[in-house]
Ligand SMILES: Nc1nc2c(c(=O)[nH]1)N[C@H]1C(S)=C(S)[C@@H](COP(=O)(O)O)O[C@H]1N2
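One chain comes next, on its own, written out as structure tokens in the form predicted on its own.
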Amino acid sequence: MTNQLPPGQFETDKWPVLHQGDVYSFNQDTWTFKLFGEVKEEVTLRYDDVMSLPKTTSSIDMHCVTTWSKFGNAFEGIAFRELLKQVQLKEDVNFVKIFGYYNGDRFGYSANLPLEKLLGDDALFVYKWKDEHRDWETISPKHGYPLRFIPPASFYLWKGTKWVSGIQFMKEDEEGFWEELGYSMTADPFKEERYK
């Protein structure tokens, strides 16, 4: 799917900043990442725990529902599958919600995704990035520092939770933040699945 422009999109060299609510102010002493839901035992990880997990570098195209697409992005982060290894799932878990901070609420934002689509190198909790115009740099607070989920290019970027705080494992699909406001549950940019 690399460098394929979905219908209704235009290409940009910039990474526009779009988000709801306040920019989260990171505090390493209080930051935690929770793995919960349909798991045999909940797990809470500290920042150092997460950052000690194996790292992955991957190129992932970004497609925003507001119609911009950005190619040539390289990200460094922790693959979703590495966090999945930290828990034992109950039977029939097929979906997740990835949570992030929203106006002070550590679980105020969420995005729902199918579990099976998140097991490759293109589903990353990222902390560094580069493109054709810049060398490796830490993602900015406005882009989701200290960790931001970047979904596979088969999803619009609102599925890419900023300021991540946890993963809920689910047997049934549930609406996330934007889905509750009328956006598509599946969010495939190549099918222009913007709204319900």
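Sequential numbering from 1, following the sequence displayed. The model shown is predicted, which means the values in this text are computed figures rather than measured ones.
If you look for the form predicted in complex with the ligand, you will not find it shown, but the lines that follow are about it.
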| query | finding |
| --- | --- |
| The ligand contact in the predicted complex: residue 160, any heavy atom under 4.5 Å | yes |
| In the predicted complex, residue 20 touching the ligand (heavy atom, 4.5 Å) | yes |
| Close approach of residue 95 to the ligand in the predicted complex, 4.5 Å, heavy atom | no |
| Contact flag, residue 100 vs the ligand in the predicted complex, heavy atom cut 4.5 Å | yes |
| Residues 80, 126 and 169 all lining the ligand in the predicted complex, heavy atom within 4.5 Å | no |
| Location of the ligand contact in the predicted complex, chosen stretch of 143-151, 126-134, 45-53, 27-35 [non-hydrogen atom, 4.5 Å] | 143-151 |
| In the predicted complex, residues of 42-69 near the ligand [heavy atom within 4.5 Å] | 64, 68 |
